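So this first bit is one chain, no partners, the form predicted on its own, shown in structure tokens.
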Amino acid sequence: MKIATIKRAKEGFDLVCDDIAADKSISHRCAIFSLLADSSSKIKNFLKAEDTLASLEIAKALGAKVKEEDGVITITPPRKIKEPFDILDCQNAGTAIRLYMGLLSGVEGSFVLTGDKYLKNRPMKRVSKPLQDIGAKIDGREFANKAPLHIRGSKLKAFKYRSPIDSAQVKSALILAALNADDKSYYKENLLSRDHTERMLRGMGAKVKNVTIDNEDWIEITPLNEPLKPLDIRVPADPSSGFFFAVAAAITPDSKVLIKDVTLNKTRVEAYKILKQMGADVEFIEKENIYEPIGDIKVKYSGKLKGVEVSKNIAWLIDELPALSIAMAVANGVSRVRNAKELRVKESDRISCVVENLRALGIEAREFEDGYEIRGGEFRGGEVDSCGDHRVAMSFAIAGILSGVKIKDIECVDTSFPNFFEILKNISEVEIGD
């Protein structure tokens, strides 16, 4: 087990982040959606992290040919997705396993999806149950709630599904399944979750559109009659990854950061807006808009932050809440996060893990079933456990720049942001050991 030791940083840094990890959500979808194309997709700046490489390896196991030249990954789809010779290992990637569940449920063949010890404990019934209801043959532990999962692909029935969960993974799985259904399907969520799937599939020619039914907004998905156009995309930097350094600038006097070439999709920058609400100086600079709006984000320290109530647009914040908790921990007053029960079923139980680690560093925090309350104070040095969760590990590394910290079990950072600690070394001393 590797341990990172973060030393207290000097105040006043000016950081330009032009090497933030490429967007994980979009990279996963590039690997998966390329299987639906009629010719080779070209992907620039694909994230080479454990999770996304797992999606790419699975695409290869399903018959795709992958080559890389001059930083461009070319994915040539098979004429027909083939049965793999072995199980399909999603590593730690919830996006991979859930999206492949949706895709493969409508493809003739036998497929087994599994993952690491953390992924095997994450709930899958939120995807397997609605898929089973439209004819998917899925089995697994706890009645298809836990991996490994076996899928016997077949033709699916059209559906009209109102999701009880605002989740981009659930939505994407059902949209992919609908592309192989026998008629038009309809999907509804209460709050718009990340919409990369709809944007990218529309860009490839799929008929995925927003419609109004009985004064409600639904997504209408028309089954595919022919393969889609290939992707030709440069994956933007990941605003979720950049957010760690946004928090670092917001809590460190005389500091600023420029995070370059990130997606500015409104479903991905809500955490930056919360940070601005807390008092940080935050500016968005859009530079292009093809598949996604892309640009730069500037964040500057502008004094002590103030506490905040967070209970809306949680689906847009779910990955950034651990890092946001670090800002809350040093803000004036009390901050609360509610309606965020989904945090309990991410790579870790992020509610319990965040609260326990904040307490270990001297911050007063209490846990709710659907969130937590944090009373702002000052970090003291200490030791925390990542709980095997990359976002928890990186969040508490940012806490370390104020007080020094040791973080156990940091290998998980490689799942999404392999060069995180290299960038952090521009701010603070970092030691990695066993």
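Only a predicted model underlies this, so the values are computations on that prediction, with no experimental measurement involved. Heads up: residue numbers just count along the shown sequence, starting at 1.
This next part talks about the form predicted in complex with a small molecule, which is not shown.
- Proximity of Asn45, Thr74 and Arg234 to the small molecule in the model of the complex is absent: no residue of the three has a non-hydrogen atom within 4.5 angstroms.
- In summary, among the residues Ile219, Ile318, Val269, Ile294, the only one with a non-hydrogen atom within 4.5 Å of the small molecule in the model of the complex is Ile318.
- With the partner removed from view, the residue among Arg199, Lys346, Lys260, Lys256 that has a non-hydrogen atom within 4.5 Å of the small molecule in the model of the complex turns out to be Lys346.
- Contact with the small molecule, judged by heavy atoms within 4.5 Å in the model of the complex, is confined among 284 to 292, 162 to 170, 105 to 113, 241 to 249 to 162 to 170.
- A residue is said to contact a partner when one of its heavy atoms sits within 4.5 Å of a partner heavy atom; Asn180 fails this definition for the small molecule in the model of the complex, lying far away.
- In the model of the complex, the small molecule lies within 4.5 Å of some heavy atom of Ser25.
- Under a 4.5 angstroms non-hydrogen atom cutoff, the small molecule in the model of the complex lacks Asn313 among its neighbouring residues.
- Remark: Asn265 does not count among the residues lining the small molecule in the model of the complex, judged by a heavy atom distance of 4.5 Å or less.
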